[in-house]
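Here we start with a single chain on its own, the form predicted alone, put down as structure tokens.
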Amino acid sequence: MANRISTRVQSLSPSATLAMSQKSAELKAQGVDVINLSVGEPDFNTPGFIKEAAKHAIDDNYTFYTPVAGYLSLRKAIADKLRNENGVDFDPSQIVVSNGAKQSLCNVILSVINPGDEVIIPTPAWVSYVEMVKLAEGTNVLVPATIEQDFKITPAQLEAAITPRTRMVLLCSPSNPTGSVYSRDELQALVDVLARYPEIIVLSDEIYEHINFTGSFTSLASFPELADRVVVINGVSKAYAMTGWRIGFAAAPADIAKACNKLQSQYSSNPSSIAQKAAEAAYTGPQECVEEMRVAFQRRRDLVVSLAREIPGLKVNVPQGAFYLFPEVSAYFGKSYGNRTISNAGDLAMYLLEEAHVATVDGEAFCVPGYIRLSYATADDTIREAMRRIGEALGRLK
């Protein structure tokens, strides 16, 4: 039978993070005690006042279609959040609420990128960016940043990557998978480059905004040099422990917001009405829960970094946000245990899963070979046990 799958879909790679999480779940189903450090998901429960808002929404019959871009009350709450927390002004009509920040990102890329357009993506980069650009038939231009530079690209690197075909620059700070955070001065230096190229759209993924250990956060939308060409992506998944509620948003120039609205109207329509009311409560309710979770993540960051530094061969930096550690692991390449030889980070990740029963993700999935990603969005004791297992397993490699 002829292949019935489109070349568009055939060109995509499956999500490596979800694939490793599935392998971890399969081993657990077989009775293996697996610690899953592969998935980027807070282990906290959604705060009670947010859950109560969802229950009230059901009782109040918020169960019908909403506007495609989301309830106006939610979009107003998001606009207030952007103004009060980030110092940027977006009209509610410029905000499109979607089924998670992932859909928001994809909406923007599909709405803006034409076949052959170049999208500059600093790497290491989240697994889906490259695949979304492929889906839009754009061209990925990957700009690598090493652990020595805290995984942050320089203005010179950005300038060198720009060509007449460059349509978009995609930046994520705090970063998945590295936890790196660009300071305001570092962002200003990149903005100074972009100011010379007014045709380039800037897509700023700020989903980890509140899981930030630097004491401050700067949105790219706050730079006047980029007025009318920055799209902010954010949502409730990480800051409010609401990954399953699937609410994200794009705040964009009017023409891009309108295009995203049109696109979404044809292939998903509005996100869940109940989840929208929960998100509205998250943005308008008490914010102490956000800081409590941030403090816990910072404590866990300190713990995982200290334990990783005790393991010979792991090269680590100190992530300044999100909840990931991205160690360089090439010291183990060429080493063996039994009949297994480690040739790359993918081999190492599989070795750790099968021998240490700890699930991690190969750095190749984030466009950088030689690294693995560990999520420390889990309990302190679980982190200690996971790092003990990793250390013992790596110690057996000779």
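Residues carry their position along the shown sequence, with the first being 1. Bear in mind that the values here come from a model prediction, so they are computed numbers and not experimental data.
The same protein also exists as the form predicted together with glutamic acid (GLU); that form is not shown, yet it is the one meant from here on.
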Q.
Let me test this: is every residue among Leu18, Trp126 and Arg373 within 4.5 Å of glutamic acid (GLU) in the model of the complex, going by heavy atom positions?
A. yes
Q. Are any of the heavy atoms in Ser38 no more than 4.5 Å from a heavy atom of glutamic acid (GLU) in the model of the complex?
A. yes
(Q) Although the partner isn't part of this model, could you tell me whether Tyr324 comes within 4.5 Å of glutamic acid (GLU) in the model of the complex, counting any heavy atom of the residue? (A) yes
**Q.** Exercise: Gln264 in contact with glutamic acid (GLU) in the model of the complex, heavy atom 4.5 Å
**A.** no
Q) Quick one: is Tyr208 in contact with glutamic acid (GLU) in the model of the complex, heavy atoms, 4.5 Å cut-off? A) yes
(Q) Quick check for you: of 38-46, 350-358, 337-345, 66-74, which stretch puts a non-hydrogen atom within 4.5 Å of glutamic acid (GLU) in the model of the complex? (A) 38-46
Q. Among Lys102, Arg229, Arg167, Arg300, which has any heavy atom within 4.5 Å of glutamic acid (GLU) in the model of the complex?
A. Lys102
